[in-house]
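A single chain comes next, written as structure tokens; it is the form predicted on its own.
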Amino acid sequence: MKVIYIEKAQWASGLEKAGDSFRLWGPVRRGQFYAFEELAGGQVPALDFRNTRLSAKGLVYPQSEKMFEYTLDPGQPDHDLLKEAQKDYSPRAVLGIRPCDADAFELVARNFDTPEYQDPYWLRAREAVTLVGLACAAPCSTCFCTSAGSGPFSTKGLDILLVDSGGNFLAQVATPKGEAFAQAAGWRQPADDAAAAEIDRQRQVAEARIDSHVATERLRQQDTLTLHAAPFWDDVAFACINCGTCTYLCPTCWCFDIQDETHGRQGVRLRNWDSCMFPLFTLHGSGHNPRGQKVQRVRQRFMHKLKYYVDKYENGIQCVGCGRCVRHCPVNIDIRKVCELMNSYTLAGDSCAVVS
């Protein structure tokens, strides 16, 4: 993998050059949190953060997205017809995204880009984005990315990975899109032979700092109906208030709802993020709700991420271990503990037991 040397003194000028060809997005401090926002001319991303509260998924998959426009005015030639809303798919670059969040795009693609169905909105937006990641040298105490198949220096899903090396960045260029961005920024200086060793040294140090590990090796062999009927779900769901914080913060949650909004005779069709934790999520037009109870919704969230996904794809879990849901859950529900319960659950005769 090609490694480029970038002097921090040239960082801002390089981004200014790249801004001629790309719209630039990066973390900006807002109070005690950081959020991905479009950068103004001359503005540089704030890279002194551990992770943003919201992931960068909203830059490809917006919280609210206009799909179609329509008019009900019979005096208009296109009345009562849906017309695709205009969108901006010009090249953009996301600077400073963490490896776990970039890896999430690869995982989410299994929902939006399949042999049977390709979501045109997600695909066009994803193709327009170049992901310039920032290696995670100081993971949070709630991070468990190495248990989820990712890692603080992973390049999965990234076009470039930046590694902070004091007065400079060592940039691993992983894709042609990354090469194009580096060229636009004027980053051409090849790193010396010691760069790869320095990156590997930092990677080992960062991975050693992750002290949160989750076992997942038995999830695949667990019987689905047995896990579904396990007695621990009532305890897991007891404190949940169905706020949806975990799903909105999660970089791998993809549920959405589609609604028409009409004002006067003009209207739009929108796609909005939704959550399996909301009571209305599965409400049928008949009034029946197959997951009308809180415990059913909590169980669905964890079974989907840690069992149904595992059974369908046979490759990892629907989680990248970013730890956001652990840090921000207002009632301290911890996906790591739930995963341990599911992974170690067994039936002992007619009684239920958890293997320690």
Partner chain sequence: MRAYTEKIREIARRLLEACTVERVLGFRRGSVPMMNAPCFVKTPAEAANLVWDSNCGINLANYLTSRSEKIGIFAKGCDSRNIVTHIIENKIRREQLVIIGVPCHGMIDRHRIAAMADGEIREVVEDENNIIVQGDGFKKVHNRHDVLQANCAVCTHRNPVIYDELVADLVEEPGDVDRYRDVREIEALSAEGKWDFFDDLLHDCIRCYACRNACPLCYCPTCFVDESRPQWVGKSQDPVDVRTFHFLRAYHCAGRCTDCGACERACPVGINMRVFTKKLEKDCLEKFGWEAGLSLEARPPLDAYRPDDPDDFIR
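Just so we're clear, the structure is a prediction, and the values are computed from it rather than from any experiment. Positions refer to the first chain, counted from 1.
The next section is about a form of this same protein that is not shown, the form predicted together with its partner chain.
Applying a 4.5 Å heavy atom distance criterion, does G96 contact its partner chain in the predicted complex?
No, G96 stays farther than 4.5 Å from its partner chain in the predicted complex.
Does its partner chain get within 4.5 angstroms of any non-hydrogen atom of D257 in the predicted complex?
It does: once its partner chain is placed as it appears in the predicted complex, D257 has a heavy atom within 4.5 Å of it.
Is there a non-hydrogen atom of L47 within 4.5 angstroms of a non-hydrogen atom of its partner chain in the predicted complex?
Judged by the heavy-atom cut-off of 4.5 Å, L47 is well away from its partner chain in the predicted complex.
Against its partner chain in the predicted complex, would I241 count as a contact residue? Criterion: heavy atoms within 4.5 Å.
Contact check for I241: yes, within 4.5 Å of its partner chain in the predicted complex.
Should the three residues A56, K156 and E217 be counted as contacting its partner chain in the predicted complex, with contact defined as a heavy atom within 4.5 Å for each?
No residue of the spot touches its partner chain in the predicted complex.
State the residue from Q76, S165, T142, T175 whose non-hydrogen atoms include one within 4.5 Å of its partner chain in the predicted complex.
Here the answer is residue option T142.
Partner absent here, but in the predicted complex, which of 145-153, 98-106, 183-191, 276-284 has residues with a heavy atom within 4.5 Å of its partner chain?
Selected stretch: 276-284.
Using a 4.5 Å heavy atom cutoff, which residues in 262-277 contact its partner chain in the predicted complex? It's fine if the answer is none.
Those in contact are L270, N272.
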